[in-house]
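Read the single chain below, which is given as structure tokens and is the form predicted alone.
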Amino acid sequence: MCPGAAERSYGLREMSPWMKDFLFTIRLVYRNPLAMAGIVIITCLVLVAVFAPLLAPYSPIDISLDERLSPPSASHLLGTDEMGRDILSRVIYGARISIRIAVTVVTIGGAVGSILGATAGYLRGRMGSIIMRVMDMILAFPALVLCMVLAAALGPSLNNALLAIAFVQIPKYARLVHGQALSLREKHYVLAARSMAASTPWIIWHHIFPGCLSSVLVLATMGMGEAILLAASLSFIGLGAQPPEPEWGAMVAMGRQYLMDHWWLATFPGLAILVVAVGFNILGDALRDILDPRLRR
């Protein structure tokens, strides 16, 4: 469906081009099954996190040794763990930690990486080369290995794990924005702003960043799923969230000791990680197609 048809269906001939393009994008999202599936999964995650105190039948940290390792039943729908804590309640409260992980990592990594990439792409020269060579050095290490090294150096805790993951994510945004900034800096409106003695920060903020926004949005959406997976991996090996925090990766780590006889301990938090990671990835993949200018014509 072309933008003109969308305009006629909504009666938007008198609206601004920006508003027309926005509503056309919303319509494309609505017509894309993958995008809708991702939105539904992420919306459910957010709602569960917000209303966790109302949805959780028990406290996520209350210990009941009389009910330890109980299988799924009417009183504990997903069973209990080795300390008698309700797994359903811990999975529900774990959604809050997952939201925190995703938002924190993407905010820090995306902001710092975009600033570095835009600066390097617009200025070029020695400064740009130094910035991008440092980014290349970070990218040379596998993400999980570098996260493990940084988290171990900072000390095992969720906050330190988030800083380690955010640091590893910075080069991805820098690389993406750098490539687009190199192209945008030659556009006529950027050259015109430069000829009128506009400052470098002003040009980057008003002309370079807006041109990179759609690509950064797609990368950020996928990056949220990756951040949750990395945080779960660090917690699994003891470098992330520490007991008794109801973090999904830590729950899987504790459940592996009882996997053969008490499968529910690791299965349900593992499924939560899987569903959320898939949700972010399919939404990011759909947004990439929707925001691609070649496919919007």
Partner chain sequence: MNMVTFVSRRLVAMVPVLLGVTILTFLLSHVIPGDPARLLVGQKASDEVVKRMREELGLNDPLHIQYWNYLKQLLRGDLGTSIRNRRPVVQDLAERFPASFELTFVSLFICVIIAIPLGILTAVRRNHVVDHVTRVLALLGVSTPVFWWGLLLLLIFYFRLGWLPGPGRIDLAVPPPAGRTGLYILDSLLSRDWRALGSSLRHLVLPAFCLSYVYLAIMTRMIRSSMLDVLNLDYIRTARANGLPERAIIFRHALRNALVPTVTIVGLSFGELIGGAILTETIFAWPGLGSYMVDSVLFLDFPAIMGCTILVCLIYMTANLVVDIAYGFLDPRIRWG
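Positions refer to the first chain, counted from 1. Values in this document were obtained by computation on a predicted structure and should not be read as measured data.
The form predicted together with its partner chain exists for this protein as well; it is not shown, and the discussion that follows is about that form.
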| note | Picking from 65, 47, 260, 54, the single residue whose non-hydrogen atoms come within 4.5 angstroms of its partner chain in the predicted complex is 260
| task | Would you kindly say which of 35, 252, 42, 28 lies with a heavy atom within 4.5 Å of its partner chain in the predicted complex? | result | 252
| remark: With a 4.5 Å heavy atom cut-off to its partner chain in the predicted complex, the contacting stretch among 181-189, 196-204, 151-159, 72-80 is 151-159
| query | Is there any non-hydrogen atom of residue 59 lying within 4.5 Å of its partner chain in the predicted complex? | reply | no
| task | Find out whether any non-hydrogen atom of residue 244 is located within 4.5 angstroms of its partner chain in the predicted complex, and reply yes or no. | result | no
| request: Report whether the minimum heavy atom distance between residue 209 and its partner chain in the predicted complex is within 4.5 Å. | output: no
| Contact of residue 139 with its partner chain in the predicted complex (heavy atom, 4.5 Å) | yes
| said: Could you pull out the residues of 98-114 that have any heavy atom within 4.5 Å of its partner chain in the predicted complex? | reply: none
